[in-house]
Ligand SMILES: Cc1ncc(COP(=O)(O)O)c(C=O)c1O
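First, one chain by itself: the form predicted on its own, in C-alpha coordinates.
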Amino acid sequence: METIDVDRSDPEYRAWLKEAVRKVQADANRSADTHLLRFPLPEAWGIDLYLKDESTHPTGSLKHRLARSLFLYGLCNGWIRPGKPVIEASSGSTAVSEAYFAKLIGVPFIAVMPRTTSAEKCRLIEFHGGQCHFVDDSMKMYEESAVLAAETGGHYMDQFTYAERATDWRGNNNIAESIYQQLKLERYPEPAWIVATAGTGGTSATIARYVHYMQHDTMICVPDPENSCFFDGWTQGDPLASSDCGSRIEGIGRPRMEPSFVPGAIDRMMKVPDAASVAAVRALEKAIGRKAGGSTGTGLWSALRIVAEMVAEGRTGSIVTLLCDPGDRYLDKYYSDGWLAEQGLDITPYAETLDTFLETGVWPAR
(Lines give C-alpha, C1' and ligand atoms only; values in the text may rest on other atoms or scores of the structure.)
Protein backbone atom coordinates (compact mmCIF):
# COMPACT_ATOMS: atom_id res chain seq x y z
CA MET A 1 0.00 0.00 0.00
CA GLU A 2 1.32 3.44 -0.95
CA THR A 3 2.00 5.92 1.84
CA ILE A 4 -0.18 9.00 1.32
CA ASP A 5 2.00 12.01 2.04
CA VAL A 6 0.63 14.49 -0.51
CA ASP A 7 -2.61 16.44 -0.43
CA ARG A 8 -4.02 15.41 -3.82
CA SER A 9 -6.18 18.56 -3.97
CA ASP A 10 -3.20 20.86 -3.40
CA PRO A 11 -2.98 23.24 -6.40
CA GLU A 12 0.81 22.99 -6.54
CA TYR A 13 0.68 19.18 -6.71
CA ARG A 14 -2.10 19.22 -9.33
CA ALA A 15 -0.09 21.65 -11.45
CA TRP A 16 2.98 19.38 -11.17
CA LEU A 17 0.89 16.33 -12.10
CA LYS A 18 -0.65 18.00 -15.16
CA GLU A 19 2.78 19.11 -16.37
CA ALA A 20 4.31 15.64 -15.79
CA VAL A 21 1.51 13.91 -17.73
CA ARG A 22 1.83 16.49 -20.52
CA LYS A 23 5.56 15.84 -20.83
CA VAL A 24 5.11 12.06 -21.05
CA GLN A 25 2.30 12.35 -23.60
CA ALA A 26 4.32 14.86 -25.61
CA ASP A 27 7.10 12.29 -25.89
CA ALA A 28 4.67 9.91 -27.60
CA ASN A 29 3.30 12.66 -29.81
CA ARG A 30 6.69 13.65 -31.22
CA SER A 31 8.04 10.12 -31.61
CA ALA A 32 7.43 8.66 -35.07
CA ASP A 33 6.12 5.11 -35.29
CA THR A 34 8.69 2.35 -35.45
CA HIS A 35 9.53 0.66 -38.75
CA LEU A 36 8.42 -2.73 -40.04
CA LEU A 37 11.45 -4.33 -41.68
CA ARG A 38 11.37 -7.25 -44.12
CA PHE A 39 13.58 -10.28 -43.55
CA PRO A 40 14.62 -11.59 -47.01
CA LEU A 41 13.03 -14.93 -47.91
CA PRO A 42 12.81 -16.58 -51.35
CA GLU A 43 9.85 -15.14 -53.28
CA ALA A 44 8.77 -18.63 -54.33
CA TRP A 45 7.94 -19.55 -50.75
CA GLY A 46 5.02 -17.10 -50.73
CA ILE A 47 5.80 -16.09 -47.15
CA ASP A 48 6.73 -12.63 -45.86
CA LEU A 49 8.62 -12.24 -42.58
CA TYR A 50 8.75 -8.84 -40.86
CA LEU A 51 10.53 -7.45 -37.82
CA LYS A 52 8.89 -4.60 -35.93
CA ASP A 53 11.95 -2.45 -35.21
CA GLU A 54 11.45 -1.20 -31.66
CA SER A 55 15.10 -0.17 -31.42
CA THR A 56 14.22 3.18 -33.03
CA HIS A 57 12.43 4.49 -29.92
CA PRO A 58 14.19 7.41 -28.15
CA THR A 59 15.64 5.00 -25.54
CA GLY A 60 16.39 2.32 -28.11
CA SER A 61 14.11 -0.56 -27.18
CA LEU A 62 10.65 -2.07 -27.03
CA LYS A 63 10.58 -1.10 -23.33
CA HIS A 64 10.13 2.57 -24.21
CA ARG A 65 6.45 1.87 -24.87
CA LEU A 66 6.11 0.02 -21.56
CA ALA A 67 7.93 2.68 -19.55
CA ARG A 68 5.72 5.42 -21.00
CA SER A 69 2.59 3.45 -20.11
CA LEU A 70 3.86 2.67 -16.60
CA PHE A 71 4.69 6.32 -15.93
CA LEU A 72 1.26 7.49 -17.09
CA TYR A 73 -0.36 4.76 -14.99
CA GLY A 74 1.66 5.67 -11.91
CA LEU A 75 1.10 9.40 -12.34
CA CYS A 76 -2.63 9.14 -12.94
CA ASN A 77 -2.99 6.80 -9.95
CA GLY A 78 -1.20 9.33 -7.74
CA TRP A 79 1.65 6.92 -7.01
CA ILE A 80 4.51 8.96 -8.51
CA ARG A 81 5.11 12.10 -6.46
CA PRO A 82 7.27 15.23 -6.80
CA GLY A 83 10.82 14.74 -5.54
CA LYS A 84 10.31 11.06 -4.64
CA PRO A 85 12.26 8.36 -6.45
CA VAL A 86 10.83 5.80 -8.84
CA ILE A 87 12.33 2.36 -8.24
CA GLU A 88 12.21 -0.56 -10.68
CA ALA A 89 13.30 -4.20 -10.73
CA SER A 90 14.77 -4.65 -14.20
CA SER A 91 17.38 -6.58 -16.15
CA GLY A 92 18.21 -3.45 -18.08
CA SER A 93 16.15 -2.08 -20.99
CA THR A 94 13.06 -1.17 -18.94
CA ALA A 95 15.34 0.62 -16.50
CA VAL A 96 16.98 2.59 -19.31
CA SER A 97 13.58 3.75 -20.54
CA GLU A 98 12.23 4.49 -17.07
CA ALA A 99 15.36 6.50 -16.23
CA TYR A 100 14.61 8.59 -19.33
CA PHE A 101 11.02 9.31 -18.26
CA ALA A 102 12.02 9.97 -14.65
CA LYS A 103 14.50 12.58 -15.86
CA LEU A 104 11.83 13.99 -18.19
CA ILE A 105 9.47 14.73 -15.28
CA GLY A 106 12.22 15.56 -12.77
CA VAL A 107 12.14 12.70 -10.27
CA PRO A 108 15.02 10.44 -9.14
CA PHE A 109 15.28 6.88 -10.48
CA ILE A 110 16.88 3.73 -9.02
CA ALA A 111 17.22 0.49 -11.01
CA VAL A 112 17.47 -2.73 -9.02
CA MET A 113 19.16 -5.21 -11.32
CA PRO A 114 21.29 -8.37 -11.51
CA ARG A 115 25.03 -7.80 -11.25
CA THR A 116 25.39 -9.61 -14.58
CA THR A 117 23.47 -6.90 -16.52
CA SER A 118 25.44 -5.68 -19.53
CA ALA A 119 27.82 -2.78 -18.88
CA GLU A 120 26.30 -0.79 -21.75
CA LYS A 121 22.83 -0.90 -20.21
CA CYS A 122 24.24 0.31 -16.89
CA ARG A 123 25.98 3.16 -18.71
CA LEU A 124 22.71 4.14 -20.41
CA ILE A 125 20.78 4.14 -17.12
CA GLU A 126 23.35 6.47 -15.61
CA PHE A 127 23.43 8.58 -18.79
CA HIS A 128 19.72 9.29 -18.26
CA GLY A 129 20.34 10.24 -14.63
CA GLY A 130 19.43 6.94 -12.96
CA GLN A 131 21.26 4.95 -10.32
CA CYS A 132 22.11 1.24 -10.53
CA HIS A 133 21.53 -0.89 -7.44
CA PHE A 134 22.86 -4.43 -7.98
CA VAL A 135 21.77 -7.76 -6.50
CA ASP A 136 23.56 -11.10 -6.83
CA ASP A 137 20.36 -13.16 -6.96
CA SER A 138 17.81 -12.09 -9.60
CA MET A 139 15.00 -13.43 -7.39
CA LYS A 140 15.89 -10.76 -4.82
CA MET A 141 15.14 -7.86 -7.17
CA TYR A 142 11.48 -7.63 -6.20
CA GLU A 143 12.07 -7.65 -2.45
CA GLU A 144 14.98 -5.22 -2.65
CA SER A 145 12.94 -2.80 -4.78
CA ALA A 146 10.09 -2.81 -2.26
CA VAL A 147 12.54 -2.19 0.59
CA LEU A 148 14.14 0.75 -1.22
CA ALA A 149 10.70 2.25 -1.93
CA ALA A 150 9.78 1.99 1.75
CA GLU A 151 13.09 3.49 2.89
CA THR A 152 12.99 6.44 0.49
CA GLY A 153 9.25 7.11 0.39
CA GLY A 154 9.39 6.45 -3.33
CA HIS A 155 7.27 4.35 -5.70
CA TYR A 156 8.17 0.79 -6.72
CA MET A 157 6.95 0.72 -10.31
CA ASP A 158 6.74 -3.11 -10.41
CA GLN A 159 6.66 -3.71 -14.16
CA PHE A 160 6.16 -7.44 -13.64
CA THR A 161 2.78 -6.81 -12.03
CA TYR A 162 1.50 -3.77 -13.90
CA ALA A 163 2.78 -4.18 -17.47
CA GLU A 164 -0.33 -5.95 -18.77
CA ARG A 165 -2.77 -3.50 -17.21
CA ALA A 166 -0.93 -0.20 -17.79
CA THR A 167 -0.97 -0.57 -21.60
CA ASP A 168 -4.14 0.21 -23.56
CA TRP A 169 -4.59 -3.10 -25.38
CA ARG A 170 -7.68 -2.01 -27.37
CA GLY A 171 -5.66 0.33 -29.57
CA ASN A 172 -4.48 3.91 -29.05
CA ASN A 173 -1.59 3.20 -31.45
CA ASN A 174 -0.22 0.42 -29.29
CA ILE A 175 2.25 -2.00 -30.87
CA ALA A 176 -0.47 -4.34 -32.14
CA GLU A 177 -2.55 -1.63 -33.82
CA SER A 178 0.63 -0.22 -35.35
CA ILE A 179 1.56 -3.61 -36.86
CA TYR A 180 -1.83 -4.00 -38.56
CA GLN A 181 -1.80 -0.44 -39.87
CA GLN A 182 1.65 -0.93 -41.37
CA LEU A 183 0.65 -4.20 -43.04
CA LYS A 184 -2.39 -2.72 -44.80
CA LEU A 185 -0.71 -2.45 -48.21
CA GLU A 186 1.25 -5.70 -48.01
CA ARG A 187 0.20 -8.81 -49.94
CA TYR A 188 -0.79 -10.57 -46.69
CA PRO A 189 -2.15 -7.74 -44.51
CA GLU A 190 -3.40 -10.04 -41.72
CA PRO A 191 -0.43 -11.99 -40.38
CA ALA A 192 -0.76 -15.72 -39.83
CA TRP A 193 1.46 -15.42 -36.74
CA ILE A 194 2.86 -12.73 -34.48
CA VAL A 195 5.86 -13.92 -32.47
CA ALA A 196 6.55 -11.98 -29.26
CA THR A 197 9.01 -12.93 -26.54
CA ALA A 198 8.09 -12.36 -22.89
CA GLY A 199 9.86 -10.66 -20.01
CA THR A 200 6.99 -9.12 -18.09
CA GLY A 201 4.50 -10.66 -20.54
CA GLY A 202 2.95 -7.26 -21.15
CA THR A 203 3.71 -7.13 -24.88
CA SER A 204 2.38 -10.61 -25.66
CA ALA A 205 -0.74 -9.87 -23.59
CA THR A 206 -1.32 -6.55 -25.39
CA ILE A 207 -0.91 -8.09 -28.84
CA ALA A 208 -3.02 -11.16 -28.08
CA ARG A 209 -5.84 -9.14 -26.53
CA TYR A 210 -5.89 -6.77 -29.48
CA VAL A 211 -6.04 -9.69 -31.93
CA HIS A 212 -9.01 -11.20 -30.11
CA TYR A 213 -10.72 -7.84 -29.63
CA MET A 214 -10.44 -7.01 -33.34
CA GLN A 215 -11.51 -10.55 -34.30
CA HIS A 216 -8.40 -11.31 -36.34
CA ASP A 217 -7.38 -14.88 -37.15
CA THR A 218 -3.73 -14.23 -36.28
CA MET A 219 -2.10 -16.70 -33.89
CA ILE A 220 0.29 -15.61 -31.13
CA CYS A 221 3.50 -17.51 -30.35
CA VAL A 222 5.68 -16.73 -27.32
CA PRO A 223 9.21 -18.17 -27.44
CA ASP A 224 10.95 -18.78 -24.11
CA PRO A 225 14.72 -18.97 -23.47
CA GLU A 226 16.59 -21.40 -21.23
CA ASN A 227 16.39 -20.87 -17.46
CA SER A 228 12.88 -19.44 -17.73
CA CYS A 229 9.74 -20.97 -16.25
CA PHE A 230 7.14 -19.48 -18.62
CA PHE A 231 7.14 -22.46 -21.00
CA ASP A 232 6.73 -25.01 -18.20
CA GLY A 233 4.06 -22.91 -16.49
CA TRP A 234 2.12 -22.59 -19.75
CA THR A 235 2.37 -26.22 -20.87
CA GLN A 236 1.60 -27.60 -17.41
CA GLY A 237 -0.96 -24.99 -16.42
CA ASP A 238 1.12 -24.30 -13.31
CA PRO A 239 0.99 -20.71 -11.99
CA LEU A 240 3.67 -21.61 -9.41
CA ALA A 241 6.27 -22.83 -11.91
CA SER A 242 9.77 -21.52 -11.19
CA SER A 243 13.39 -21.72 -12.30
CA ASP A 244 16.49 -21.88 -10.13
CA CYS A 245 18.49 -19.29 -12.06
CA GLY A 246 18.02 -16.28 -14.28
CA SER A 247 17.89 -16.09 -18.06
CA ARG A 248 21.08 -15.44 -20.07
CA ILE A 249 18.96 -13.69 -22.70
CA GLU A 250 18.56 -10.26 -21.17
CA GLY A 251 15.07 -8.79 -21.11
CA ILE A 252 13.12 -12.02 -21.50
CA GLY A 253 12.49 -15.17 -19.51
CA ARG A 254 11.80 -15.15 -15.80
CA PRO A 255 12.49 -17.42 -12.81
CA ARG A 256 8.84 -17.17 -11.69
CA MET A 257 5.43 -16.85 -13.38
CA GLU A 258 4.99 -13.09 -13.43
CA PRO A 259 1.56 -11.52 -12.76
CA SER A 260 1.68 -9.71 -16.13
CA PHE A 261 2.18 -12.93 -18.12
CA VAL A 262 -1.29 -13.96 -19.37
CA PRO A 263 -1.06 -17.62 -20.51
CA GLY A 264 -4.67 -17.91 -21.63
CA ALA A 265 -4.34 -15.16 -24.24
CA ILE A 266 -1.64 -16.83 -26.35
CA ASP A 267 -1.83 -19.81 -28.73
CA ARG A 268 1.61 -21.39 -28.65
CA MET A 269 4.93 -21.37 -26.82
CA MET A 270 8.29 -22.58 -28.05
CA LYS A 271 11.40 -23.36 -25.97
CA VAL A 272 14.51 -21.91 -27.63
CA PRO A 273 18.10 -22.86 -26.70
CA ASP A 274 20.23 -19.81 -25.87
CA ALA A 275 22.80 -20.83 -28.50
CA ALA A 276 20.01 -20.77 -31.11
CA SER A 277 19.06 -17.23 -30.06
CA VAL A 278 22.65 -16.07 -30.54
CA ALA A 279 22.94 -17.86 -33.89
CA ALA A 280 19.75 -16.13 -35.03
CA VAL A 281 20.91 -12.58 -34.19
CA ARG A 282 24.13 -13.22 -36.05
CA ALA A 283 22.12 -14.54 -39.02
CA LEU A 284 20.00 -11.37 -38.83
CA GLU A 285 23.09 -9.23 -39.18
CA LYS A 286 24.13 -11.19 -42.27
CA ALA A 287 20.64 -10.85 -43.75
CA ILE A 288 19.85 -7.16 -43.14
CA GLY A 289 23.07 -5.63 -41.81
CA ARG A 290 21.69 -4.91 -38.33
CA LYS A 291 22.88 -6.10 -34.94
CA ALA A 292 20.16 -6.84 -32.37
CA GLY A 293 19.90 -8.11 -28.82
CA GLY A 294 19.50 -11.72 -27.80
CA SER A 295 15.74 -11.52 -27.29
CA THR A 296 15.37 -10.59 -30.96
CA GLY A 297 17.23 -13.79 -31.79
CA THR A 298 14.89 -15.86 -29.64
CA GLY A 299 11.91 -14.47 -31.53
CA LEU A 300 13.56 -14.73 -34.94
CA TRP A 301 14.53 -18.39 -34.39
CA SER A 302 10.92 -19.22 -33.54
CA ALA A 303 9.54 -17.17 -36.45
CA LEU A 304 11.81 -19.03 -38.88
CA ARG A 305 10.71 -22.35 -37.40
CA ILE A 306 7.11 -21.35 -38.16
CA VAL A 307 8.12 -20.25 -41.68
CA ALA A 308 9.62 -23.74 -42.16
CA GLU A 309 6.36 -25.36 -41.05
CA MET A 310 4.37 -23.21 -43.47
CA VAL A 311 6.75 -24.02 -46.35
CA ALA A 312 6.50 -27.75 -45.60
CA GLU A 313 2.69 -27.55 -45.56
CA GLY A 314 2.49 -25.40 -48.70
CA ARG A 315 0.87 -22.47 -46.87
CA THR A 316 1.43 -18.81 -47.67
CA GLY A 317 1.07 -15.73 -45.49
CA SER A 318 2.98 -13.28 -43.32
CA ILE A 319 4.67 -13.50 -39.92
CA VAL A 320 5.73 -10.64 -37.66
CA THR A 321 8.30 -10.76 -34.89
CA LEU A 322 10.06 -8.02 -32.92
CA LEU A 323 13.47 -6.38 -33.14
CA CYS A 324 13.53 -5.52 -29.46
CA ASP A 325 16.74 -3.55 -28.99
CA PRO A 326 20.10 -2.87 -30.69
CA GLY A 327 23.01 -5.27 -30.56
CA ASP A 328 25.54 -2.64 -29.54
CA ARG A 329 24.29 -3.10 -25.99
CA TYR A 330 25.58 -6.68 -26.07
CA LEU A 331 28.92 -6.58 -27.87
CA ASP A 332 30.52 -8.12 -24.79
CA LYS A 333 27.96 -10.93 -24.73
CA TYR A 334 26.10 -12.25 -27.77
CA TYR A 335 28.69 -10.91 -30.23
CA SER A 336 31.67 -12.08 -28.17
CA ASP A 337 33.10 -15.52 -28.91
CA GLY A 338 34.89 -15.31 -25.57
CA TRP A 339 31.62 -14.89 -23.71
CA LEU A 340 30.09 -17.81 -25.61
CA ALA A 341 33.03 -20.00 -24.60
CA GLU A 342 32.70 -18.92 -20.95
CA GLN A 343 29.01 -19.84 -21.04
CA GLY A 344 29.67 -23.15 -22.78
CA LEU A 345 27.50 -22.17 -25.74
CA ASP A 346 28.22 -23.65 -29.17
CA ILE A 347 26.22 -21.83 -31.83
CA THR A 348 27.70 -23.75 -34.78
CA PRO A 349 24.95 -26.39 -35.22
CA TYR A 350 22.23 -23.74 -34.94
CA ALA A 351 23.94 -21.46 -37.43
CA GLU A 352 24.23 -24.41 -39.82
CA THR A 353 20.52 -25.15 -39.37
CA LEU A 354 19.62 -21.58 -40.33
CA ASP A 355 21.98 -21.55 -43.31
CA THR A 356 20.57 -24.85 -44.58
CA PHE A 357 16.97 -23.74 -44.15
CA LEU A 358 17.43 -20.36 -45.84
CA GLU A 359 19.20 -22.04 -48.77
CA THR A 360 16.89 -25.04 -49.24
CA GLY A 361 13.59 -24.31 -47.51
CA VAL A 362 13.98 -27.48 -45.45
CA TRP A 363 14.51 -27.36 -41.69
CA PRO A 364 17.14 -30.01 -40.88
CA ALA A 365 16.16 -32.79 -38.50
CA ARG A 366 18.55 -32.94 -35.54
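None of the values given here were measured: they were computed from a predicted structure. For every residue, the number given is its place in the sequence shown, counted from 1.
The form predicted in complex with the ligand exists for this protein as well; it is not shown, and the discussion that follows is about that form.
Participant: The ligand isn't shown here, but in the predicted complex which of 247, 203, 97, 145 has a heavy atom within 4.5 Å of it?
Facilitator: Exactly one listed residue reaches within 4.5 Å, namely 203.
Participant: Should residue 251 be counted as a contact of the ligand in the predicted complex, where contact means heavy atoms within 4.5 Å?
Facilitator: Residue 251 belongs to the contact set for the ligand.
Participant: Contact with the ligand in the predicted complex for residue 198, defined as at least one heavy atom pair within 4.5 Å: yes or no?
Facilitator: Looking in the predicted complex, residue contacts with the ligand include residue 198, since a heavy atom lies within 4.5 Å.
Participant: At 4.5 Å between heavy atoms, is residue 330 in contact with the ligand in the predicted complex?
Facilitator: Looking in the predicted complex, residue contacts with the ligand include residue 330, since a heavy atom lies within 4.5 Å.
Participant: Using a 4.5 Å heavy atom cut-off, state whether residue 63 contacts the ligand in the predicted complex.
Facilitator: So residue 63 counts as contacting the ligand.
Participant: Counting only heavy atoms and a 4.5 Å cutoff, which of 135-143, 210-218, 251-259, 105-113 contacts the ligand in the predicted complex?
Facilitator: Contact criterion met by 251-259 only.
Participant: Who in 315-334 is close to the ligand in the predicted complex, meaning a heavy atom within 4.5 Å?
Facilitator: The stretch touches the partner through 324, 325, 330.
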